[in-house]
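Shown below, as structure tokens, is a lone chain in the form predicted alone; questions about how it binds or moves come after it.
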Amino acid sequence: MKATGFSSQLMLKIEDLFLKRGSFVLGKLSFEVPKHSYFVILGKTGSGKTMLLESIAGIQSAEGSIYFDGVDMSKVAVQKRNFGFVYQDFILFPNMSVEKNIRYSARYRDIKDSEALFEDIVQFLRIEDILHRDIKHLSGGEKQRVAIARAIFSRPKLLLLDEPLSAVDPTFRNSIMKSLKDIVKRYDMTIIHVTHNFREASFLADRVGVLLDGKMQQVGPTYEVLNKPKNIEVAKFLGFKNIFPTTILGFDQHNRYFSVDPNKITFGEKTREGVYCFACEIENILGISDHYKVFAKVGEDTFFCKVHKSAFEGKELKDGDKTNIYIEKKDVAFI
């Protein structure tokens, strides 16, 4: 195992990771995960998220380098990497009780302060009442907590979570997310969590990576990635609306785009300073509870807007009317 130049603040460093399975290609991926951070990989189903986790764990053999605490782990066997892995379908041992599942790693390795650790995990994840139950009699949320408990008990320095909340009842999701968030500091771990759920990423992550079609499109602090996508692919995946070329704003820059939140668009008859103003024609207005969904034609482009009903009082806009769209300059997100 060869050491390399590595920041003391970084735990995991991926360099040019490449893996091909059939027609699907993962890579080449390069990114870093800081020590004691919660890193979420966002992506659609089929983007290669599980394959990436398995490559980091050593379950899948991939080209490139995987540095962990400054050591190249690429050729290190799975069982010697000291990485915990929780799969989407839990993969618990059906012939063992909950307690035996959690303690399983003690069969093949020495667990430091195992009894104190076990008691703390049981209390932390609130599973005291199910320790002697059979796995087949557990709910999805209970199985998830047991799978997480088993992974923590092995004392990994890196915990890999594959869609950990997908099978959890929504009523328990918030409490489990809170538990996941607390694991990093409580058990001195770094977590990589893959999901397609933006809410999970927003609540849990210190940093986010967006993986689409086997390529890491963007990596950065959570707020920056979720609110400032670097390209159209990421913007569309994150659900950004009103994506148009910047030439509409008067910029002489081709192949650059901007987006604006439908809730940030207003209408009026007079131009105002400090805003982008476009003459438009109302194509369609749909009343939805307390707001209107408005589709407004500007040249060849159609803006989608959400306007609170109170903002339309006295204006009586209707299909076919000509008016102006206003967008505050601060509300424009450049892509």
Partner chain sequence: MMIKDRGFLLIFAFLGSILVLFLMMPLIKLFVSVGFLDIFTTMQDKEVYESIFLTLKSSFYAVLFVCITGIPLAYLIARYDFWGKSLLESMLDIPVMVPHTAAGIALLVAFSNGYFDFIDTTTGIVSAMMFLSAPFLINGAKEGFKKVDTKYEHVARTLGASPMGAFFSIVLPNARNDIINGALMMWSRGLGEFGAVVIIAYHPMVAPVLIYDRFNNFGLKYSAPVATDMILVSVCLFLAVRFVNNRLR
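From a predicted model like this one, the values you see are computed outputs, not experimental measurements. Positions refer to the first chain, counted from 1.
One more form of this protein, predicted in complex with its partner chain, exists but is not displayed; see below.
When you look in the predicted bound form, the only residue of 251, 87, 172, 198 with a non-hydrogen atom within 4.5 Å of its partner chain is 87. This chain is displayed alone, yet in the predicted bound form one of 109, 241, 256, 126 has a heavy atom within 4.5 Å of its partner chain; that residue is 109. Mapping the unseen interface onto this chain, residue 104 counts among the residues with a heavy atom inside 4.5 Å of its partner chain in the predicted bound form. Although the partner is absent from this view, residue 145 stays clear of its partner chain in the predicted bound form, with no non-hydrogen atom inside 4.5 angstroms. Though the partner is left out of this view, residue 151 does reach within 4.5 Å of its partner chain in the predicted bound form, counting heavy atoms only. Within 4.5 Å of some heavy atom of its partner chain in the predicted bound form lies at least one heavy atom of residue 54. Contact with its partner chain in the predicted bound form, judged as any non-hydrogen atom within 4.5 angstroms, is confined among 177-185, 200-208, 117-125, 92-100 to 92-100.
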